[in-house]
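The chain below stands alone and is given in structure tokens; this is the form predicted on its own.
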């Protein structure tokens, strides 16, 4: 090098242009979980954070479209597990919150008590009825405002009329004893003044609700215990279900739970052999590690099921902390939905996407 000349640090061989050093790439894309606490929990949001080494940290729409994908891992009638890859934690959390509190469902909201001599007081009985999942598609119904009249488009009517005869054993009242009334309420607002008088009921159905749903609107689970009646006790009531969201009351939440976690990544920093390998396998309660036979009587520990890791960090206790590194992939989320409504989990997720889409449209329209 001639006198007076210099070489920029950015042009040095150990600083590759267009690629981050390994430790910075881990910091940008992973959350590292140490024995005492996680590190690198804050994401690097600034698009020009790594511009000095020629790395673009922005996330343009074209890149998002190319990288984002959903892989369904498990799908049953009421539960779905899937991977969301290439997405920010804020968006994943938005889906979770929308599923819990903004996807509508049909739930019993008003209960008209005619007779209740059971051990359960009216308020507790009404609360129990409100928590029974109904087998009714909310997309077929409209929201009911404070001034709307209950009709076949916004209200579902059920009747419960059970008695335990004197001298009989105790009677268990189950949810399948709720009878759907497709023609609306049968209760009169006032008692008739003479026999045969046409009285106004609590609903104003213009036709049968079968024209709306095309099938019976019962309950999702038929074996939920509502009450237990002793001899001579009776429950007679009428329950009205309306459309609502969990933000108003938890009984309208369509999911039992909706949650996510970042994809676990388990890295062996050095080979663990012999008795140490066996101790490591025994340490893990969810069997993340396994033993690989190398021949000649040698064995070593390998990572068998990293996805099963619950981050209990039991494997990091003792001398293993310098041998193992636990990470979470920052943009890879394992999402689980457990449906408690008439809609299957995959439909609930689509409805959540529609809700988020509507929110985005609203923001754009307000800003334009």
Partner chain sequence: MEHGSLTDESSSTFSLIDEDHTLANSVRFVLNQDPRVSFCGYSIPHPSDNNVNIRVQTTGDSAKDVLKDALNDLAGRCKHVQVTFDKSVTGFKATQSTNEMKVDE
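Numbering follows the first chain given and starts at 1. Throughout, rigid core stands for the largest set of C-alpha atoms superposing within 1.5 Å between the two forms. A quick note: this is a predicted structure, and the numbers were derived from the prediction, not measured.
Keep in mind that the form predicted together with its partner chain is missing from the display, and what follows is about it.
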Checklist entry - Which listed residue (269, 294, 216, 90) meets the criterion of a heavy atom within 4.5 Å of its partner chain in the predicted complex? => result 90
Checklist outcome for this item: None of 227, 132, 94, 210 but one has a heavy atom within 4.5 Å of its partner chain in the predicted complex; the exception is 94
Checklist entry - Check 23, 55 and 324: does every one of them have a heavy atom within 4.5 Å of its partner chain in the predicted complex? => result no
Item to check | Heavy atom of residue 59 within 4.5 Å of its partner chain in the predicted complex | outcome: yes
Checklist entry - Though only this chain appears here, would residue 19 touch its partner chain in the predicted complex if you measure heavy atom gaps against 4.5 Å? => result no
Next on the checklist: Against its partner chain in the predicted complex, would residue 98 count as a contact residue? Criterion: heavy atoms within 4.5 Å.
Outcome noted: yes
Checklist entry - Does residue 160 make contact with its partner chain in the predicted complex, using a 4.5 Å heavy atom cut-off? => result no
Checklist entry - Of the listed stretches (175 to 183, 144 to 152, 68 to 76, 272 to 280), which one has a non-hydrogen atom within 4.5 Å of its partner chain in the predicted complex? => result 68 to 76
Item to check | Partner contacts for 18 to 52, taking its partner chain in the predicted complex and a 4.5 Å heavy atom cut-off | outcome: 45, 46, 47
Checklist entry - Do you see a C-alpha shift of 2 Å or more at residue 39 between the shown form and the other one, with the core held fixed? => result no
Item to check | Core-aligned C-alpha movement of residue 51 between the shown form and the other one reaching 2 Å | outcome: yes
